[in-house]
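Okay, so here's just one chain, in structure tokens, the form predicted alone.
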């Protein structure tokens, strides 16, 4: 059991990295990775939101929405799974609002640095994607906790690495037509290929 959980964590960080393998959460990844401190701050916020919302949405799905989930209420034939998008997003928005209040309270500089991208975590497709993957893969509650945390750590590693690389790229002299976001996209592709090298390892 422990081996499976460790393997799931390593998978979600490396070979199944939600950003570099599935390219979810690219908007804030590209926009915020210009400054390493801001990138780390947003990455930690994403880790928190993913770690909380993935298991929270697991509970909502398995005890309210899934086919037969309302058997405990005497309604075994009710299927509310079509509500999962609405309720998952509502939970994500509530968690993002909570972390926005906390960052504003304890780190005004980070709050100012993140700017509009902090509330945009609520519509970060990586956050919703993790909850939907959790449902699709029929994970247990503990697996959903590990998967959410691992996905957040993977996203944090990716955005922090990109921020560090982009600082070095300021001194580069790319060919015409490859400046700015074009070069960022090329580097993102190379990072994705590097993370895929872990696919040969048996977790």
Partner chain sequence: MKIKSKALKILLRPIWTDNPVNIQMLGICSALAVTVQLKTAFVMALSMTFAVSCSSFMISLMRKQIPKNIRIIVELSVISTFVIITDEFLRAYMYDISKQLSVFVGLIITNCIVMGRAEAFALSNPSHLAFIDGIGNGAGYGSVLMLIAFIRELLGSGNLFGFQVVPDAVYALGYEDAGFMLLAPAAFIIIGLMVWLQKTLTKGGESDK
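All values derive from a computational prediction rather than experimental measurement. Positions refer to the first chain, counted from 1.
Another form, the form predicted in complex with its partner chain, is not on view; read the next lines as being about it.
A.B. asks: Which one of 27, 59, 172, 167 is close to its partner chain in the predicted bound form, taking close to mean a heavy atom within 4.5 Å?
C.D. replies: It is 27.
A.B. asks: Using a 4.5 Å cut on heavy atoms, which of 71, 86, 112, 101 is close to its partner chain in the predicted bound form?
C.D. replies: Among 71, 86, 112, 101, a heavy atom within 4.5 Å of its partner chain in the predicted bound form occurs only for 86.
A.B. asks: Wondering, does residue 20 line up within 4.5 Å of its partner chain in the predicted bound form on heavy atoms?
C.D. replies: Yes, residue 20 sits close enough to its partner chain in the predicted bound form that at least one of its heavy atoms falls within 4.5 Å.
A.B. asks: Examine residue 10 and determine whether its closest non-hydrogen atom to its partner chain in the predicted bound form is within 4.5 angstroms.
C.D. replies: Residue-level check for residue 10: no, no contact with its partner chain.
A.B. asks: Counting only non-hydrogen atoms and a 4.5 angstroms cut-off, does residue 196 reach its partner chain in the predicted bound form?
C.D. replies: Residue-level check for residue 196: yes, a contact with its partner chain.
A.B. asks: Do residue 125 and its partner chain come within 4.5 Å of each other in the predicted bound form, heavy atoms counted?
C.D. replies: Residue 125: yes, in contact with its partner chain in the predicted bound form.
A.B. asks: In the predicted bound form, which of 172-180, 51-59, 36-44, 150-158 comes within 4.5 Å of its partner chain (heavy atoms)?
C.D. replies: Of the options given, it is 172-180.
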